[in-house]
Structure formats: C-alpha cells, structure tokens
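One chain comes next, on its own, written out as structure tokens in the form predicted alone.
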Amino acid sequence: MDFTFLIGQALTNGLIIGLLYLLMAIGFTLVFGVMRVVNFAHGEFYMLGAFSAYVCVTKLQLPFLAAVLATFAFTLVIGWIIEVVVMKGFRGDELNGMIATIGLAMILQNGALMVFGPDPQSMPPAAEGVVSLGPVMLPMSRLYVVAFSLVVLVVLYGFLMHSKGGRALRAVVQDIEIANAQGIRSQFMYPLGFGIGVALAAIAGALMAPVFSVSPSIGSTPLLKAFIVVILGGLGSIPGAALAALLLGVFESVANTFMSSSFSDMLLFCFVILMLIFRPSGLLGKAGR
C-alpha cells in the first residue's frame, strides 16, 4: 500500500482522536483545577454521554445534533447536582475526594449495567458516505466528529476567555485564594466547573457513540488517555492539555499503523515515565504547583 496514503490516513485519524482526547482532558483539567480533586469518575461521564446520545437517537428519534445538545445539558445538570450533594464536602481534600470519585464511578457504571445490560449497543452513524481528501479517505461520520469537536472547543474558548463567568472560572482554577480576594463567588464556581468538566467528557462520549459501540465499560480507556494527556500537558494547564492531546492522538494513530498496538503502548508509557522523571510539570505546566 502507498506510504503517502498510509501516513496521510494515520495523521488524519490521529487528529480526530486527538480532538476527542482534548475534550476529555480539558474537562478533567477543569475539575482538578477548580476542586483540586482527581476525578476517577470522568470516564463514566464519557460513558453516560454515549448512552444519553444512544437513547436520544434510537429511542426518542432526535437528530444527532439535538442529541449532543441534550447530552450536554443533561450531564451539566447532573454534574452540578453531584458536586453540590456529593463532592461539596471534599473540595480541596484530594485523598477523600479521590475515593469519593472512585465510588461515584462504580455507582454510575453498575447503574448503566443494570439499565442497559452488558452487551454493546450500536447507534446509526451521524452521516453516511465517504469524503476523499487527496489520497486520504474519510467517513462522513468522522468528519462530523471533527466539526462538532471544533465547535465545542470554540464555544468553550469563547466562554472561558470572553465571558464574565469564564474569566471567574479561570481565576478560580489559577488561584482560588486570589479569586476569593477579588470578590469572585467561588461557591458558585465549584458546581459550574465540575458540571462543565463532566459535560465535556459526556460530549466526547456522545460524539464517539456513532463511531464505536456503546457499553457500560467504555469509559476506562478514555479515562486512562485523559490521565496521560494531563500528565504530558501539565496538571491544571489547559494549553498543555491541548498540545498533549493532539500529540497523543497522532502518535497513537501513526504507531498503530506501522507497529503492533502492544509495542506502541509500551513506547507511549516509556515516554510518560521519562516525562515524569525529567519534566514532572509536563510540557506547559508550572513547576512546584
């Protein structure tokens, strides 16, 4: 097979995967930045988003765009309620907060298992057909994933950079004590940050639902990749997460094209370990945070 075709296909697929990792990682970073808690239930919100899109499209007969918007609204509200009811008592308490999110992950996963069963579910593709970009062939459904991901990222950027609520949220992520001193209502920012963070994971799940199957256990791999992205980018650094997500997606796609997945995973984790040894703050993280 032509080398140009292979590398072009691998780079394109890598960018698509990287965009989804980016949605996961920004949500993960937001939750950690606001609450200083590692959210081990982040992958289960990815799964929740996938099932939400599945129900909206296959049971309620909603268009895919409406299903994604409904998923965002649903998980934002669920995340807000969980933060107020469950996570409020663990704000800043890293160890107990981490254990609480592990319990939350188990509850969500087993709840999905009871409702939907263990078998993978399939939903129709978001679009039919194939697009040819030079030597690269792309299914329309994957281009939809790219388009939706970019729109979500642009809207999120606009909210964080150009809205009062977004600037307040960024201030809480960067330094909560100074944010409080400036009169920012951090009590409101906690549930907002947690809700937006888990809703981003849910959108990633909703976008991937038409591409892959949906089951209660699909959240574990995205959670692991979100961890890797956050470590590589620098814990709490959104620009670092963006850079690391795209690099990880491209690396995975290219490596899986030319070598076995086991060997590419070994290379990836060797790189992560080297990063932890020689640059523990990540690509764009701040040392000593």
Partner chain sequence: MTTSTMTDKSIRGAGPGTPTRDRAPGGSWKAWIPALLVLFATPLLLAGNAFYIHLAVLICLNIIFVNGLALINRTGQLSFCHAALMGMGAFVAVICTVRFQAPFLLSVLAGVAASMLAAYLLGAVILRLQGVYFVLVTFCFGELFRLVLLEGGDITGGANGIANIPPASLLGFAFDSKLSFYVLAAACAFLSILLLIALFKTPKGNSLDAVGDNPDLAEASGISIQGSQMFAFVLGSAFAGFAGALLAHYLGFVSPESFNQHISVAAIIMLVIGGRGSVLGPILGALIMTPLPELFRSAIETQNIMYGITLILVLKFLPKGLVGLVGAASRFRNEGGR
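Keep in mind the model is a prediction, meaning the values are calculated, not measured. Residue numbers count along the first chain shown, from 1.
There is another form of this protein, the form predicted in complex with the partner chain, and it is not shown here; the text below is about that form.
Margin query: Taking any heavy atom pair closer than or equal to 4.5 Å as contact, tell me whether D93 reaches the partner chain in the predicted bound form.
Written below: Yes, D93 lies within 4.5 Å of the partner chain in the predicted bound form.
Note to self: Even though the partner isn't displayed, in the predicted bound form is M114 close enough to the partner chain, meaning a heavy atom within 4.5 Å?
What the structure shows: Residue-level check for M114: yes, a contact with the partner chain.
Margin query: Please determine whether Y46 contacts the partner chain in the predicted bound form, using a 4.5 Å cut-off between heavy atoms.
Written below: Although the partner chain is absent here, Y46 would stay clear of it in the predicted bound form, with no heavy atoms inside 4.5 Å.
Item checked: Interface membership of V77, the partner chain in the predicted bound form, 4.5 Å heavy atom rule -> Close contact is absent here: in the predicted bound form, V77 is far from the partner chain, nothing within 4.5 Å, heavy atoms only.
Notebook entry, point to check: Do heavy atoms from each of G33, S122 and L143 fall within 4.5 Å of the partner chain in the predicted bound form?
Noted result: No: none of G33, S122 and L143 comes within 4.5 Å of the partner chain in the predicted bound form.
Check: Out of the stretches listed (154-162, 167-175, 80-88, 206-214), which one is close to the partner chain in the predicted bound form, meaning heavy atoms within 4.5 Å?
Finding: The contacting stretch here is 80-88.
Item checked: Candidate from V230, A67, L248, A242 lying within 4.5 Å of the partner chain in the predicted bound form - any heavy atom -> It is V230 that has a heavy atom within 4.5 Å of the partner.
Next item on the list: Counting only non-hydrogen atoms and a 4.5 Å cut-off, give the residues of 177-194 close to the partner chain in the predicted bound form.
Entry: Contacts from 177-194: just Y190.
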